[in-house]
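First comes one chain, alone, set out as structure tokens in the form predicted alone.
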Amino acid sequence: MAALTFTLKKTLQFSIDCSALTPNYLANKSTSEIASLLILYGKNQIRVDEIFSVSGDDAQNIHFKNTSHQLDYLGANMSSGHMHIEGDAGAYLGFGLKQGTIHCHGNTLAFAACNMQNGLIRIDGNTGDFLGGASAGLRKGMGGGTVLVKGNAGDRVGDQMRRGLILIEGNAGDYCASRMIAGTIGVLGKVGSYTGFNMQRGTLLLAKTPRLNATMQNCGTHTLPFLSLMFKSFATLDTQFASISTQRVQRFVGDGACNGNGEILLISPDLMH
């Protein structure tokens, strides 16, 4: 069986809702049935084969080729299978992902991994605001799973994040870990202003000294043995975080403005090898 492949064949004027093009939704459908499906293009519906060339028959392995940032909701609510995006993706990549893997070889717009529950998302480029955050109207963001970002992330990473793991090898914008409920976020690059704003619980692992508000309290330098186990658990992931080996960190707690028990752990860059 060959991977089910969607090749974008025209320049898009509007965004496309690609939420129907997932392994679980396309299972047991023939290539002709998939080609005739209607998807939302702007305010209108259009057949899949008017936008994409469709080939292959393995719906558990979906490839998107020649993609652009106007392909929204790629991998939305996936519950099985694998998806490769050979280019950029639009907003809401992996929205509500329940299981499976998504690998985007380019950049994405905002709300990647929004409301994600499980599975793995890897983004080789940069991603926009609200990575792992909550969609409008919901009070909890990412609830599980793992997100790897090789580039930079925008503002509000992990906003209202409930569970899961986000590892960013580049920089993150303002309000990183804002309103965080639980989970773990790691950033090897710089973070912007208001880091940990209204952070309630959870762990923010940083390699560069952040500029923190007075409501984040410096608890000094500590030896935390659990860090060895955490870094060893990264060994199965394709991430620079797997090269960290230390139990010694500078620890901050807060946000004290909301009785937060969150923690920010600052590691030294020379502990990476």
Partner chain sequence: MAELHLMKSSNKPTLPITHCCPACGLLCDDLVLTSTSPLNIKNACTKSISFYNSAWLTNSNTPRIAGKASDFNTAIQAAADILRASNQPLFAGLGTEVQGMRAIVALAKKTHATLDHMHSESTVANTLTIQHSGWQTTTLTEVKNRADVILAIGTDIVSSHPRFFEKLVWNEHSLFDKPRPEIIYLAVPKHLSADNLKAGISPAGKAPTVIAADTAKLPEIISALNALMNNKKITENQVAGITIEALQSILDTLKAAQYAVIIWSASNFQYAHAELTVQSITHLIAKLNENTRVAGLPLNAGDGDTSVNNTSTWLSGYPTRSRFFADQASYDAHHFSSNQQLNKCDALLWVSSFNTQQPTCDAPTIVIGHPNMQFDIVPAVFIPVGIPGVDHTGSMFRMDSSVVMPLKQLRENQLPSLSEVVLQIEALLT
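Positions refer to the first chain, counted from 1. Since the structure is predicted, the reported quantities are computational estimates derived from the model, not experimental observations.
Although not depicted, the form predicted in complex with its partner chain is the subject of the following passage.
S.K.: Looking at N198, T146, N152, T184, which has any heavy atom no more than 4.5 Å from its partner chain in the model of the complex?
M.R.: Result of the distance check: N198.
S.K.: Heavy atom within 4.5 Å of its partner chain in the model of the complex: which of N44, S32, T209, S243 fits that? Just give me the one.
M.R.: Filtering the options by heavy-atom distance leaves N44.
S.K.: R179 near its partner chain in the model of the complex, any heavy atom under 4.5 Å?
M.R.: Judged by the heavy-atom cut-off of 4.5 Å, R179 is in contact with its partner chain in the model of the complex.
S.K.: Taking the shortest heavy atom distance, is L229 within 4.5 Å of its partner chain in the model of the complex?
M.R.: Flag for L229 set to no.
S.K.: In the model of the complex, does L37 come within 4.5 Å of its partner chain, counting heavy atoms only?
M.R.: Looking in the model of the complex, residue contacts with its partner chain do not include L37, since no heavy atom lies within 4.5 Å.
S.K.: Can you tell me whether V48 touches its partner chain? I mean in the model of the complex, with a 4.5 angstroms heavy atom cut-off.
M.R.: Output for V48 is no: heavy atoms all beyond 4.5 Å of its partner chain.
S.K.: Is it the case in the model of the complex that F6, L120 and F234 each bring at least one heavy atom within 4.5 Å of its partner chain?
M.R.: Zero of three within 4.5 Å in the model of the complex.
S.K.: Hey, of 161-169, 184-192, 120-128, 103-111, which bit sits against its partner chain in the model of the complex at 4.5 Å between non-hydrogen atoms?
M.R.: After filtering at 4.5 Å, what remains is 103-111.
S.K.: Counting only heavy atoms, which residues in 206-231 are within 4.5 Å of its partner chain in the model of the complex?
M.R.: Contacts from 206-231: R211, N213, A214, T215, M216, Q217.
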